[in-house]
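Here you get one chain, nothing else, as structure tokens; it is the form predicted on its own.
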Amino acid sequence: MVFYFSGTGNSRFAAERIAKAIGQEAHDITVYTKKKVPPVFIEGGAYVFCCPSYMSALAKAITDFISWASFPKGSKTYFVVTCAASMGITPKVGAELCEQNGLDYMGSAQVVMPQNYIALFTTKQKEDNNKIISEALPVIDMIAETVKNGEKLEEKKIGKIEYSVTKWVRDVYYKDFMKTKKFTATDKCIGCQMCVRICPLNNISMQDNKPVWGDKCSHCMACINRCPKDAIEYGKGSVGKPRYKGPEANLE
């Protein structure tokens, strides 16, 4: 089974391509987490988890899902991380997560995809993003072939210092910087509620016909990037920046 967590579509794109190659379907974890109902598992099957790299490690939404859903013990488990540069300490985090939950860790792989974290960075122009997506396709296919053959993914070793420093930075960022108070809707907002519908954590509601953010945000950037009127900003960090609408929109 293939599961994914995705804001703007990069991880969904990878998950769906892998699922198709191995003859399966890709499942959005928020379908289960929003209803608080775990998936129906297949004993003896392999599991592939696709998600973004947040602060050089697996997105917390996917790690929380794995711990909550109680996957069958001993299941072969793969991690596929979409990122703009590097998956960081994902191999170490993934291995520890599997050990904690009694899963058979089969490795982690990264798929470089367009930058979407416009709260801090800037996405590239459409033609450059198209090139990044095109170069990602053979990487995704190679991962799928490895999973299909039941083999382990090759990955880099994570040193103790790299792991400790990165984990500390990640924990601090999650605690002190991954907030919602900087999200605002400008006068361009038409009250269409797109942001409410696509928020994977049900963290956005409408007040006076404008979105209001709660405190469960994962900074997936779905709301700010996929707003049809580009009406959402994150403080001054996103002002004037192009939005990344996702792989499919980028390739149109």
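Heads up: residue numbers just count along the shown sequence, starting at 1. None of the values given here were measured: they were computed from a predicted structure.
Here the subject shifts to the form predicted in complex with a small molecule, a form of this protein not shown in this document.
Q) With the small molecule left out of view, which of Val165, Ala84, Met142, Ile132 would have a heavy atom within 4.5 Å of it in the model of the complex? A) Answer to the contact question: Ala84.
Q) Only one of Leu137, Ile158, Met178, Val169 has a non-hydrogen atom within 4.5 angstroms of the small molecule in the model of the complex; which is it? A) Partner contact (heavy atom, 4.5 Å) among the options: Met178.
Q. Just to confirm, Met55 within 4.5 Å of the small molecule in the model of the complex by heavy atoms?
A. The answer is yes: Met55 has a heavy atom within 4.5 Å of the small molecule.
Q) Looking in the model of the complex, any heavy atom of Thr90 within 4.5 Å of the small molecule? A) Answer no; every heavy atom of Thr90 is more than 4.5 Å from the small molecule in the model of the complex.
Q. In the model of the complex, does Tyr117 have a heavy atom within 4.5 Å of the small molecule?
A. Close contact exists here: in the model of the complex, Tyr117 approaches the small molecule to within 4.5 Å, heavy atoms only.
Q. In the model of the complex, does Met113 have a heavy atom within 4.5 Å of the small molecule?
A. Judged by the heavy-atom cut-off of 4.5 Å, Met113 is in contact with the small molecule in the model of the complex.
Q. Looking at 36 to 44, 23 to 31, 61 to 69, 214 to 222, which lies within 4.5 angstroms of the small molecule in the model of the complex, counting heavy atoms?
A. Careful reading of the contacts points to 214 to 222.
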